[in-house]
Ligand code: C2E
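What follows is a single chain, given as structure tokens, in the form predicted alone.
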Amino acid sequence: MSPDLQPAALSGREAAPPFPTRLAATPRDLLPPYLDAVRQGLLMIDGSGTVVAANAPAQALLAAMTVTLRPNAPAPPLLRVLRAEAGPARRALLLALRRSLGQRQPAVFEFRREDHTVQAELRPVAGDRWVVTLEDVSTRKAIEARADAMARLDPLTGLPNRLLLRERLAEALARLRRNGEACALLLVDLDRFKPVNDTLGHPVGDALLEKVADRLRSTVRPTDTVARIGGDEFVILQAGIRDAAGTQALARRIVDLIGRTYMVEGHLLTIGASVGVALAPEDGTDADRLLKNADLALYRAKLDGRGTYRFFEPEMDARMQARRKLELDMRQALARREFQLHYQPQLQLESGRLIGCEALIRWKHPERGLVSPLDFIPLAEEIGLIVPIGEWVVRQACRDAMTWPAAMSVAVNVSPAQFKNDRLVETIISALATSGLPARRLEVEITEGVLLQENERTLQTLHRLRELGVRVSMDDFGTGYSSLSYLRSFPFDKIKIDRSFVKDLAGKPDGEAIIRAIAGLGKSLGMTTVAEGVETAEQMQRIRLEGCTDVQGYLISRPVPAEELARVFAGYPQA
């Protein structure tokens, strides 16, 4: 092999040519003519470093790169191409060539010249010869580069997606470690976007998201990154911040700007934004922790009423860990039979008799003790456990009611999530059939939240229950802005007056007027009215005078386990 091809020469002098220094007088003589028709360029080099053969594509490719293969050329043409590489690319290429030449092992590498990217494969063949395969991969590389760029962009908004956000966040954190440059992460979740998407369709929803993206772009600096990481979730990476004041101002601008009205395809739309903020290095110095802490802050913003922003605080993590532990425990509670029902009796004022009981769920946790429904029902609704828990409540309440006097009914609360489930009516039919309880002794209590969703479908479900003989009551009447309108859409059997009005009897002069109005409304519509939260004889007397038919509260009885109901029943006249 020519000294110019020796590995030592490559390691000692970068200028030493790793390719031949001269060409044979007829460089195509050793290649069959049909190789001119192949797509790749082919060169053959002998042990002295001479290009002894080159097919037509090789000569055309090198010519396009302003390199000409001429017999006895004074400078190695491929070395001139190699010299066009600079810095790390050149060093890496020289290293690959040296290793290949020294060990007579194949090597594949790339080099660039003008507008061309060439992939070369150096392969030893019989004797001391080498074959170099050349291929112009410029088009393929351009396509790959475009595909790589598109893989990092959200196709709808053109914003960076989760992948590109991760890369830029990694760069920001590297600057933080290198020179202490702080940054902030703001998670933005759109409020009330889903109803827009569901009612007006995805094209309108997509157009709205594009407008939101434009508004977010307008709030940030050129050095910041706005990314879309989910359906209606956006992230802003604020780089090079000096203190939290600038981030706070940005969060405030986002809430204000996103909350302004949009005109989308002829529709005036109003949504909102909740923002969670995490700062680096205070809230973390790695991407996963920052994202997690910003998400915790966002969760807090939603709990605080949405349409606001919250910065991460360490206790948020502790609360979330406790919530996750509660969730895990609750998922096991059904299987472990830790839930139980307590019952609060309802009294008919005219007869003085107990007419039924409301079933109230309790959780007897082995370590926490008795867990209040206020602590676990909202979580059960959020994670979807309310449906299986609700099914258990209906079945157990029907079984328990079968042990009571025949004139007494049982009332169970049904959540909006249960009404969304197609199995609700079938579950009630099954519970009645299995327990033997007559349908007229079962009462389903719903709140305004049930009627707010999918109104037509909800009304169909309510009518199906009425057709079975099940009675339906509206719970917490008077607390919603449209309670009266719902009385026109469905003929309820009972109205339950919210305990807040009973509590106001003594302190507010309009308390009696409100109860009188609801009682009169119920009477005119043929519905019974139950006042909840009655705790004193004075309250009960006033409620009686205002025309309510039934009462429920501590004055009658606290909620008690099923096994204690017989004692409560014994204290009142029986039907």
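Each form is matched to the other, and the largest set of C-alpha atoms that superpose within 1.5 Å is called the rigid core. A residue's number is simply how far along the shown sequence it sits, counting from 1. In this text the structure is predicted, and so the values were computed from the model without any measurement.
Omitted from view is the form predicted together with the named molecule, to which the following refers.
- Checked against the named molecule in the predicted bound form, the candidates D400, D476, D189, E338 yield a single residue with a heavy atom inside 4.5 Å, and that residue is D476.
- Proximity to the named molecule in the predicted bound form, taken as a non-hydrogen atom within 4.5 angstroms, holds for one residue of A406, M263, A245, L374, which is L374.
- Heavy atoms within 4.5 Å of the named molecule in the predicted bound form belong, among the stretches 543-551, 52-60, 530-538, 516-524, to residues of 530-538.
- Residue contact with the named molecule in the predicted bound form: R162 places no heavy atom within 4.5 Å of it.
- When contacts are judged by a 4.5 Å heavy atom cut-off, N413 counts as touching the named molecule in the predicted bound form.
- At a distance threshold of 4.5 angstroms between non-hydrogen atoms, Q344 is in contact with the named molecule in the predicted bound form.
- E358 belongs to the set of residues with a heavy atom inside 4.5 Å of the named molecule in the predicted bound form.
- Within 4.5 angstroms of the named molecule in the predicted bound form, the stretch 430-445 places a non-hydrogen atom from E445 alone.
- Once both forms are fitted on their rigid core, the CA atom of Q346 lies 2 Å or more apart between this form and the one not shown.
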